[in-house]
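A lone chain, given as structure tokens: the form predicted alone.
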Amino acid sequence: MEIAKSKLSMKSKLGKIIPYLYLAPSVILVGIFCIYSDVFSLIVSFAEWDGLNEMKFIGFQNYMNMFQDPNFLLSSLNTLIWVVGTLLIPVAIALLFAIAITHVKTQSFFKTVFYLPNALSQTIAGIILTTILSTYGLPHLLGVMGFDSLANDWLTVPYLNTLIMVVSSGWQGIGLNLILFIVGLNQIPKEPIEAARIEGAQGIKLYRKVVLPLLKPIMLIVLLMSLVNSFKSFDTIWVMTNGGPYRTSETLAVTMYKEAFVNNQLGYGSAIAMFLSVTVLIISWLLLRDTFKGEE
């Protein structure tokens, strides 16, 4: 009897341990590639290091240099432009189209059309758009048509190139956001909307007072995804302008990469990475704090 009881206890203990063993590979990978990398980057951000020679700790000097660096300040401004563009294009436009086609019979067709650009990688989309906007592409065609002032390489014009890249990235992001908004709209119960209509709410007032508040959980997810993507914008910029001309189209992600892996200033690049990470964490907390309070 005692042997049988001991076997049962061993099996119960193994039964409790086995689920954790399934999780162990993922936990180990996350620990190595995420947690360890973050901690190491934080340490390196307080040092002067080129990746080859001995690491020299310099305290907060990298962070002080960061806020005095014109390239960092310009890339911060460009990142802000990306954030604003992300709110206007892939979020606002996706919401408007979702409201417009929610009850349309050809909804599946529109969802497919809007989602197709999302199937392209940002690198491929960037290469295609670069070819179209090169000197021998659309600008050349406009020049032939008599618009000589437009017959130049648009991607070499500061700020114009940033706006073009923001629109390109936003165009790709509309599809996923559109589908998420449609899912959210379809989950809204009909009773509150019917009650609001009985009370006299119609059109914009109905959506502002009833629909949008009920859509808030999905809106938070879309906003958070879009904002995080805007802060880590890299692929489109690297393919289309490489941050140029004269580093005028860099975002924080591109500046971080260039300083760390092109200029071999790993300490300075890590400081920019820490600043970017903390900024994203703060914005994420500000967006989700009401959700956490509601769960409490």
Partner chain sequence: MKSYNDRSRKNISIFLSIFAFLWFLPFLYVVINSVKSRKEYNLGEFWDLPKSFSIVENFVYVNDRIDFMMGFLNSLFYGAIATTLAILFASLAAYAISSLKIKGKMFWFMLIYSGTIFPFQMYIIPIFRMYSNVDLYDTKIGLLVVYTALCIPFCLFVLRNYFYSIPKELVESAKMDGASDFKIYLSIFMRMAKAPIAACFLFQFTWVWNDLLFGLTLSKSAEARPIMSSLSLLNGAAGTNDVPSALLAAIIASIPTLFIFLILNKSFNYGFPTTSK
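Everything numeric in this text was worked out from a predicted model, so none of it was measured. Residue numbers count along the first chain shown, from 1. Between two forms, the rigid core is the largest collection of C-alphas that superpose within 1.5 Å.
Although it is not shown, the form predicted together with the partner chain is what the next lines describe.
- For H103, a non-hydrogen atom is located within 4.5 Å of the partner chain in the predicted bound form, even though that partner is not displayed.
- In the predicted bound form, G137 approaches the partner chain with a heavy atom inside 4.5 Å.
- The partner chain is not drawn, but in the predicted bound form it has no heavy atom within 4.5 Å of V210.
- Within 4.5 Å of any heavy atom of the partner chain in the predicted bound form lies no heavy atom of I237.
- In sequence order, Y207, K216, P217, I218, L220, I221, L224, M225, V228, K232, F234 are the residues of 204-239 having a heavy atom within 4.5 Å of the partner chain in the predicted bound form; the partner itself is omitted from this view.
- P70: CA moves less than 2 Å between this form and the one not shown after rigid-core fitting.
- Core-superposed comparison between this form and the one not shown: the CA of V39 stays below a 2 Å shift.
- After superposition on the rigid core, the Cα of L281 moves by less than 2 Å between this form and the one not shown.
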